[in-house]
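The chain that follows stands alone, in the form predicted on its own, written as structure tokens.
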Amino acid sequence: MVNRPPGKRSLAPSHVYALLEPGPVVLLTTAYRGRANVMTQSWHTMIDFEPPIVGCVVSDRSFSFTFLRASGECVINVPSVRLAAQVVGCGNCSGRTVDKFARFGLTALPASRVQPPLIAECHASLECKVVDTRLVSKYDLFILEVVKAWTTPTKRPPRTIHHLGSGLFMVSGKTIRLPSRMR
């Protein structure tokens, strides 16, 4: 029997995700054979700085998985909180049956280095190429290299949304600056 540490309570393993969720919910665009798709995605993490390498989980049950696997390209689009309804809407339907750009009023812009489009309404767009698929069959984890990055200049950092599970989201807030040796 394990004793409970003072001041702590047990947490179900299914709730760990909400504690470690690494970053903002994004809109992942893919394209294959002239058709583009948008997928809401929140399982991603930075792996390296230069070149920027991102780990990205895309379920093999999703329509985007097929496009990403076949094309080896995607765009990670970072929306602000003002697109929260569209972000959730894109996550609640399938690109197999819905043109998400049309349904949710998203504007596709041509990318410079990959076929999938950027989303005009998003704060930032990262054009990516798949560089490693060794963990795809086991974990649906694609390793991506960001080959071109775009951002919309703003005076303040955008307020992004972060998924906590079960339809609960947190909105980024106050930014603070502390001494750091990181560039």
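So that there is no doubt, residue numbering starts at 1 and follows the sequence shown. If you superpose the two forms and keep the largest set of C-alpha atoms that fall within 1.5 Å, you have the rigid core. Only a predicted model underlies this, so the values are computations on that prediction, with no experimental measurement involved.
Below: the form predicted in complex with a further copy of the same chain, not depicted.
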Answer for residue 107 alone: is it within 4.5 Å of a further copy of the same chain in the model of the complex, judged on heavy atom distances?
no
Find out whether any non-hydrogen atom of residue 180 is located within 4.5 angstroms of a further copy of the same chain in the model of the complex, and reply yes or no.
yes
Please tell me whether any heavy atom belonging to residue 120 falls inside 4.5 Å of a heavy atom of a further copy of the same chain, as the geometry stands in the model of the complex.
no
Would you please decide whether residue 132 lies within 4.5 angstroms of a further copy of the same chain in the model of the complex, comparing each non-hydrogen atom pair?
yes
Based on heavy atom distances of 4.5 Å or less, which listed stretch (147-155, 30-38, 110-118, 53-61) is in contact with a further copy of the same chain in the model of the complex?
53-61
Heavy atom contacts to a further copy of the same chain in the model of the complex at 4.5 Å, residues of 89-125 in sequence order
91, 92
Once the core is aligned, please say if the CA of residue 15 is shifted by at least 2 angstroms between the shown form and the other one.
yes
Classify the change in Cα distance between residue 14 and residue 55 in the model of the complex as closer or farther, relative to the shown form (magnitude of 3 Å or more).
closer
A 3 angstroms or greater change in CA distance between residue 144 and residue 14 is reported in the model of the complex. Closer or farther than in this form?
closer
